[in-house]
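Below, in structure tokens: the form predicted alone, a single chain.
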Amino acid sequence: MEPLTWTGNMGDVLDPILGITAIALLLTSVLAIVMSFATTTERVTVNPDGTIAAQPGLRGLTAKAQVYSLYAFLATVVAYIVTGMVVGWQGGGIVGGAMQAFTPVWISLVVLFVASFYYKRKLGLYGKLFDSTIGMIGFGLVMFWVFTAFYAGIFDMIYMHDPLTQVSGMKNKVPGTPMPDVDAAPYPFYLLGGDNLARDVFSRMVLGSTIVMQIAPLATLFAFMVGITLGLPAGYYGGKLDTVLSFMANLILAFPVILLFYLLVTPEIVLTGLPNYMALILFIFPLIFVGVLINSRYRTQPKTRNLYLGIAMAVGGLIYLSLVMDQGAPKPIFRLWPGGLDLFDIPGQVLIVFVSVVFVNSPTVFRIVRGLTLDIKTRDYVAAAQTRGETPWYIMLWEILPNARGPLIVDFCLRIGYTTILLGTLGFFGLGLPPESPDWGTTINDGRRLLSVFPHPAIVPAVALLSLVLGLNLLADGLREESLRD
């Protein structure tokens, strides 16, 4: 069987169009930059009805040409995706095979965007996001990897080979190389080649997204729960409480992040059970936050409060104990919870990375929440709530926190990006996750040793990591832009 080309038969038509549109976009962008430094005088004309109109001039025509070039380029990219979904690797080569593999992701994105556009006026800040081009692009990139992780992790779709299986003869093979035994293989090609251990680079990239999506958003959410629960009272009450909590936050921030991770993942430290003790403390904050939130909201309705609080504490307590209790933990105290009631089992190394990320991010979130609280607590509506006799926690959670949501949502998106980079850095240094893990950082570290000879095993996960972080940053910019309009 012959190796695959990048675009196959569809490239005979689409490759020249892509080249022309790319050159046009580059030229118009350069011209637009040059024209931005030039001083041009717009020509004013008087319409028959007496109104005055300004003609766009050369600068306006350049901007319009740039927009049309961008639309043409994006239309060509969409043509690659649609054609690849139809013809697959048989007529579309490597690109066609990859586009066909991502078919459920493309369908999900189309459904999501169509529904979001239709109901955007009813969806608050999320709906306003679709008024921002930058926000939409970022949201699309992020949701691409979210859907990829969902379909690959839950339904075993998209990837073609086991990411840990080594196939004889496929070591460091270039993209599009056919399998030695086509009949015995589940898929006849390594679309993006093989790595130094003869594993499929494409499948490892896809499965790597599941690890990133499992750890980065959840770890960031837990860090926000810790930071909000401590930052609100520190900023609202001030005094000694603020001094003590700020000192502790500054103490943690004073440590270099990588050195802190080295200390936490050292085998001698792990055997002491320190990560498990940290999980015992850090994971209780979401439970505290939810409990205080419900109690402050329904404090005047005891029956409703007790019902909601009981349900939340029962479910949250079960999840909490399942998180912190580990039958393989080095200390007996973490094996007290019956295995039959353990809803899920987090691998020890994943727990260490998760706890470390929460521990590192929490002080920064604390400082942001504290600063916002110091500013918002001086507003008139907070004074009005105090005059009504509202409790301090009600004011913090239902008056101050909602009015701080804009900066916090933006920071949440950015912090997921930072966490993703941090996970990649940890994998690159071989910390935390097992060496055979397909996470992007570990894969980049494995591929960098032969980067000058076989670059594809390192470039593929690096581009995936770049696209996700870029999408998160663009999404944060879009949310910031829309929140400032309110």
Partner chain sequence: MGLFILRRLGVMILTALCLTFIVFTLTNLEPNLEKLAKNQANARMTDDQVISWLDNRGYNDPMLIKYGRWLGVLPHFTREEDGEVVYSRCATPGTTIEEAGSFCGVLQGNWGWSTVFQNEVLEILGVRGWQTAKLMFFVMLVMVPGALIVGVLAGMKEGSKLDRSLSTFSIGTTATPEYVSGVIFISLLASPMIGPNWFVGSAQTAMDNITFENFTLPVLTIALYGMGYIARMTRASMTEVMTAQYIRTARLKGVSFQQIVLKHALRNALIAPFTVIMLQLPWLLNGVVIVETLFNFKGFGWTLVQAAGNNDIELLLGVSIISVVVVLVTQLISDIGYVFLNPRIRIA
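Positions refer to the first chain, counted from 1. Nothing here was measured: the structure is a model prediction, and the numbers come from that model.
Unshown form predicted in complex with the partner chain; subsequent notes refer to it.
Within 4.5 Å of the partner chain in the predicted complex, do 152, 196 and 408 each have at least one heavy atom? Not a single residue of the candidate spot has a heavy atom within 4.5 Å of the partner chain in the predicted complex.
Could you work out which of 143, 274, 413, 87 is the residue within 4.5 angstroms of the partner chain in the predicted complex, going by heavy atoms? Contact with the partner chain in the predicted complex is made by 274 alone.
Quick check on this chain: which one of 263, 82, 280, 107 has a heavy atom within 4.5 Å of the partner chain in the predicted complex? By the 4.5 Å heavy-atom cutoff, the listed residue in contact is 263.
Name the stretch, out of 162-170, 252-260, 204-212, 282-290, where some heavy atom lies within 4.5 Å of the partner chain in the predicted complex. Selected stretch: 252-260.
Any of the heavy atoms of residue 458 lying within 4.5 Å of the partner chain in the predicted complex? The answer is yes: residue 458 has a heavy atom within 4.5 Å of the partner chain.
So in the predicted complex, is the partner chain close enough to residue 319 to count as touching (4.5 Å, heavy atoms)? Close contact is absent here: in the predicted complex, residue 319 is far from the partner chain, nothing within 4.5 Å, heavy atoms only.
Please determine whether residue 118 contacts the partner chain in the predicted complex, using a 4.5 Å cut-off between heavy atoms. The answer is no: residue 118 has no heavy atom within 4.5 Å of the partner chain.
Residue-level contact is defined here as any heavy atom of the residue lying within 4.5 Å of the partner chain in the predicted complex; does residue 451 satisfy this criterion? Taking the distances in the predicted complex, the answer for residue 451 is yes, it comes within 4.5 Å of the partner chain.
Residue by residue through 285-317, which ones have a non-hydrogen atom no more than 4.5 angstroms from the partner chain in the predicted complex? Result: empty, none.
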